[in-house]
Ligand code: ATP
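What follows is a single chain, given as structure tokens, in the form predicted alone.
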């Protein structure tokens, strides 16, 4: 049986991963987790999300088929007991996949990927649940059924790219109090190979622990279970209630779609190729705006203030630079997650030199004149210029990274010497 659940938390507390962790313990009497529980990040732009838009799936190898009924009751009772039903945007959903067909797998594979990249309606999940007779329960408006079915679908069909996260949970009596974690041990853990986003070197901050009053103490992300467990063994902290290693689509760029600028829609995420069409400008609040075009359309891309040093990279770009941008679109603006500078514009039009000084313009389309000797020229000259930036990849710091965004440490290009904003 695959159990999918979603939308049990709120902005004020609780966490769907914690409810999954509790269920894993409760269901041990009925079987064991097959492989890993899945933590699936869905479309990060959905306006209905509570926090990180995570859905969970637990594949259980049942000891006996007659245990299906008791398992469903335990899951539903636990959600009813622990979910934050008082929050407006909390609309839990749970699904139970007990058998499958090839047609069902294909439909769920498409649905699950769309849940990460697109905007879905509740009726789409309900239609699939009905078509294949999948046992389920929705609470309130039932929107959580979308994520629950998507997570269960990935558990059934597999993730095209994956990482791991070990999440450690706090004792309940400590929820809402300051987290006690020895900082030195975190920096030692962050130095372990095949892990990332434990600390932010630019700001010299620890970033693997949340600040909200939810049950999570910290999460360690990495390439394998071995990698995250190795880092975990070095952390010194307050006592844990429990911890779970999840397989996940975090840091995979699964949310991104290649497209032309003219095809872009709000609330989706894209990889776009284009040329810088206007000089970058800094807005009030420290946000930096870049405009790119592809010959037929143009759009603005934003490096917001929390991206810190990444903004200095954007400011160094010039009109004519060729770039590939990665990010999510809202209100017609792409929120930059990373950028690949593919070609530099290393030429600039300047007034001609004469008598060791630049000629002055005589007016629009009237040419140029040397103020000293009176010599004239019809047009500007093209000169090579030095740039204080190189081609390659640049990314936002870990403190500003979205759950799904792939860090450069996971890119082969980065390993071969691409640049990184630090």
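Residue numbers count along the first chain shown, from 1. Bear in mind the structure is a predicted one, so any value in this text is a computation, not a measurement.
The form predicted together with the ligand exists for this protein as well; it is not shown, and the discussion that follows is about that form.
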item	value
Contact check for 9, 48 and 51 against the ligand in the predicted bound form, heavy atom at 4.5 Å	yes
Heavy atom of residue 299 within 4.5 Å of the ligand in the predicted bound form	no
4.5 Å heavy atom contact, residue 118 to the ligand in the predicted bound form	yes
Residue contact check: residue 152 to the ligand in the predicted bound form, 4.5 Å heavy atom	no
4.5 angstroms heavy atom contact with the ligand in the predicted bound form for residue 278	no
Contact residue in the predicted bound form, from 396, 42, 58, 359 (heavy atom within 4.5 Å of the ligand)	42
Position in contact with the ligand when the complex is considered in the predicted bound form, options 114, 179, 316, 106, heavy atoms within 4.5 Å	114
Partner-facing stretch of 340-348, 254-262, 282-290, 144-152, counted where any non-hydrogen atom is within 4.5 angstroms of the ligand in the predicted bound form	144-152
